[in-house]
Structures are given as structure tokens and as C-alpha cells.
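Single chain ahead, by itself, as C-alpha cells, in the form predicted alone.
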């Protein structure tokens, strides 16, 4: 009887040990798998962190593109400003340079031809501009004669510009006779400055 009790005790102990060992093994396996797999909370945090990172990169790229566009716009504006400044300098020179005539004459002197050629080149470069040629005379002669002489001088410059390819409808003439002297003296030094054509741009 004692023997049977001892055997039964041993059997119960053995089964209990096996059960406990099996439970520990399962618990250990689950623990290792749980350690290997990321926790749901950690995965969510990582996913949320990835979205702002991508968005930040996209915003940075957009910022770079915008800066490039601004730089290009500045270059275009600078080029336009430079072209405008160049045009204004040429326009100022165009209007500042007069041509001069001999006493009681209206033909274009040889030394004045390069000036008119340069004016024609300007008008070709800026076809939206027109020019008014103002004929002037010195104080000698009657008002009527000087008005007619100033008109002939303006027409001479107009014909010369037309011969260089400037359309006649872009050129108008007016005579001021002796009414607009540049120099007020009563000698040849003053008179030579008053026998002239002036050129005014019409924009």
C-alpha cells in the first residue's frame, strides 16, 4: 500500500513538473516573439513621424523651387531694366545731337550724315517711336523767308532718314524760323549754332 502511494505521488509530481515546464516554455516563446515584433503603439508613432518627414521634404523642395523662380524673375527684371536704361541713354543722345547748315543752305553736309545714320539705326531698333524734326535759322532774313528755309532744312533731314529705310509716316517736320535761337549773340559764332535741325522723339 505504501508502495502504491509512493508511485502515485511520483506520477503526480512528474505530471506537475511537465506541465510547469511546458507553461514556462510557452511563456518564454511568447515573450521572445513579442520582443521581436514592434509594439502597436511604437509602430503608430513611427508611422506618424514618417508622414511629417515626407511633408517637410516636400515643403523644402517647394521652397527651393520658389527661390529659383524668384531668382529668375530678378534676372529678367534686371535685364529689362538694363535694356530700358540703354534705350534711355540712346534716346537722350538722339535728342541732344542736332545737325547744322551753312548760311542760307538746306542741304545735308557730309559731316552730318553719320549723325543721321545713327538716328536711323535708333528708329529701326525702336519701331514704336516717331520723330519730329524742327528746322531753325539764324536771325538774318525776314520771318517769312526763315520759316520757309527752316521747313526746307527739316525736309532735307526727313528725306535723308527716309532714304535709310525710315517710313515717312514716322517723321514729321516743323519750322520755327528764327524764333528759337540757341545762341543769342549777333555774330557768326552764334548764328552757326542757330542754323540747325533739332530732333524730338515722339513716344
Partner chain sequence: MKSILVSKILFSGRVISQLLIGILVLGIGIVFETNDAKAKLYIDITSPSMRRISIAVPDFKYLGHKNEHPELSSKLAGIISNDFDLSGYFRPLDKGSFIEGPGAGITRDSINFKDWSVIGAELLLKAGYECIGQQLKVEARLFEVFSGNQVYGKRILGLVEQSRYLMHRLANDILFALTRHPGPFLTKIAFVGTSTGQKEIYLADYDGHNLKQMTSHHTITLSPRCSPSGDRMIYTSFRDSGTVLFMHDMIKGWTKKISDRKGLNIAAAWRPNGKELALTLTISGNPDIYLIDITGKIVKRLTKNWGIDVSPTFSPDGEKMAFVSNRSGSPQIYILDLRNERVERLTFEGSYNTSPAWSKLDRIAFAGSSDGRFDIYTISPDGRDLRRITQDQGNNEDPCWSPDGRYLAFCSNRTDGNYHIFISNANGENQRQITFFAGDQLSPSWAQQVK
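Positions refer to the first chain, counted from 1. As the structure is a prediction and not an experimental result, all values here were calculated from the model.
Not on display, but discussed next: the form predicted in complex with its partner chain.
Contact annotation for the candidate site: 142, 147 and 152 all lie close to its partner chain in the predicted complex (heavy atom within 4.5 Å). None of 107, 100, 126, 103 but one reaches within 4.5 angstroms of its partner chain in the predicted complex through a heavy atom, and that residue is 103. Using a 4.5 angstroms limit between non-hydrogen atoms, residue 164 is distant from its partner chain in the predicted complex.
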